[in-house]
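Below, in structure tokens: the form predicted on its own, a single chain.
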Amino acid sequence: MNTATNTKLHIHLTRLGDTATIHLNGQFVFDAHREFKSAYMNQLADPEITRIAIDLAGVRYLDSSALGMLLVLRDRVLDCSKSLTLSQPSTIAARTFEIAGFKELFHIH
């Protein structure tokens, strides 16, 4: 299997009522910036969506740019008066969030 395929972040969206969940699977790194932004911007623009959840159960790796993308998302969500949850972080994501102090900035469960 090709290395690019192994490192690619796969993004899948589900909606239930007023909640959009963006499921991430793979390596959450800078290369995913455009696709990740596109996924959440569509949800921010939808007036029926009041809650956004980022499902991190399938994240095998994340770097500092991924943390930056989440911080930008947090600011945009707050500007739109919507809520954001980081859900089911993988072990590596949970450890990274703890080190980065994200528990004070995000609702994580």
Partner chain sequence: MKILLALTDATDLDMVRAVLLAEGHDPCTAHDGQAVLTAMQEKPDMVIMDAELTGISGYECCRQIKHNDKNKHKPVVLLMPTQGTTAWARFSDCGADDFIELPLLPHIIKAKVKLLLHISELYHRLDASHRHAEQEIRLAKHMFDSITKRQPQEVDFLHFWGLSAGHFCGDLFIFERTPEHHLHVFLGDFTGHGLAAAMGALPVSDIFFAMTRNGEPLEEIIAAINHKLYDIMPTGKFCAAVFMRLEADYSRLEFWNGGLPPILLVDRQHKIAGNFESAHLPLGIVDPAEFALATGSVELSGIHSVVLCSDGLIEAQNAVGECYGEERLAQALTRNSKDSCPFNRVKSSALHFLEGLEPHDDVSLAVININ
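Residue numbers count along the first chain shown, from 1. This one's a predicted model, so the numbers in the text were calculated from it and none came from an experiment.
Although not depicted, the form predicted together with the partner chain is the subject of the following passage.
Heavy atoms within 4.5 Å of the partner chain in the predicted bound form map, among the stretches 80 to 88, 67 to 75, 36 to 44, 50 to 58, onto 67 to 75 alone.
For the chain shown alone, Ala100 is a contact residue for the partner chain in the predicted bound form, at least one non-hydrogen atom being within 4.5 angstroms. Taking the partner from elsewhere, Leu105 is found to have a heavy atom lying within 4.5 Å of the partner chain in the predicted bound form. Contact annotation: Arg95 falls within 4.5 Å of the partner chain in the predicted bound form, judged by heavy atom distances.
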